[in-house]
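So this first bit is one chain, no partners, the form predicted alone, shown in structure tokens.
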């Protein structure tokens, strides 16, 4: 009788474990197979695009090899150039003025330990890109630093240098979304199919 009771208990526990596993697996599969939503995906990317085209993001993703400055995105003074590694050329290195943190004061040099442009072999240009062009560029590992979609989300949601855009120092405007809202839109864009806007999107 005791053996029968013990076997019954073991079977019940086993069934509970299997049921729990099936439930969790179903949750994972449901998340992984979200229905595609081209309209929702594109709408989310347009919100992402507006942030990336703000001065806080675009100034470090110029079309040329000169970084941009200010809310008006004018060319950086002092003849600063990208350089092969994105951190300047010769004696004019980004770290000469841009320290690990923002320098206090109105319009003083901003700072971050990784301050610089993308390297010359992976320039990641935002300036002048249409929504479609930028979406396709971001999704292309040959142009986005070799990132998968998951790594792209992580970079935009968690990278410290990206996060500087929301802590830019005195006298600088912020992007049009908060960082959590921005990250949510990036995730929605990818989760709904990572669709690129049409050629006429603005």
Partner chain sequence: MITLNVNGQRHNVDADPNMPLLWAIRDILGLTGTKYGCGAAQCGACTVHLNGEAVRSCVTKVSRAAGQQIVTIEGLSVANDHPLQLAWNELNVPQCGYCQSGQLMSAAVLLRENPNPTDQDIDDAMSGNICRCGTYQRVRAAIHKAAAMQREGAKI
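Numbering follows the first chain given and starts at 1. This is a predicted model, so every value here is computed, not measured.
Omitted here: the form predicted together with its partner chain. The next part is about that form.
- When you look in the predicted bound form, the only residue of 129, 123, 114, 93 with a non-hydrogen atom within 4.5 Å of its partner chain is 93.
- Each of 89, 99 and 108 comes within 4.5 Å of its partner chain in the predicted bound form, counting any heavy atom.
- Residue contact check for residue 73: none of its heavy atoms lie within 4.5 Å of its partner chain in the predicted bound form.
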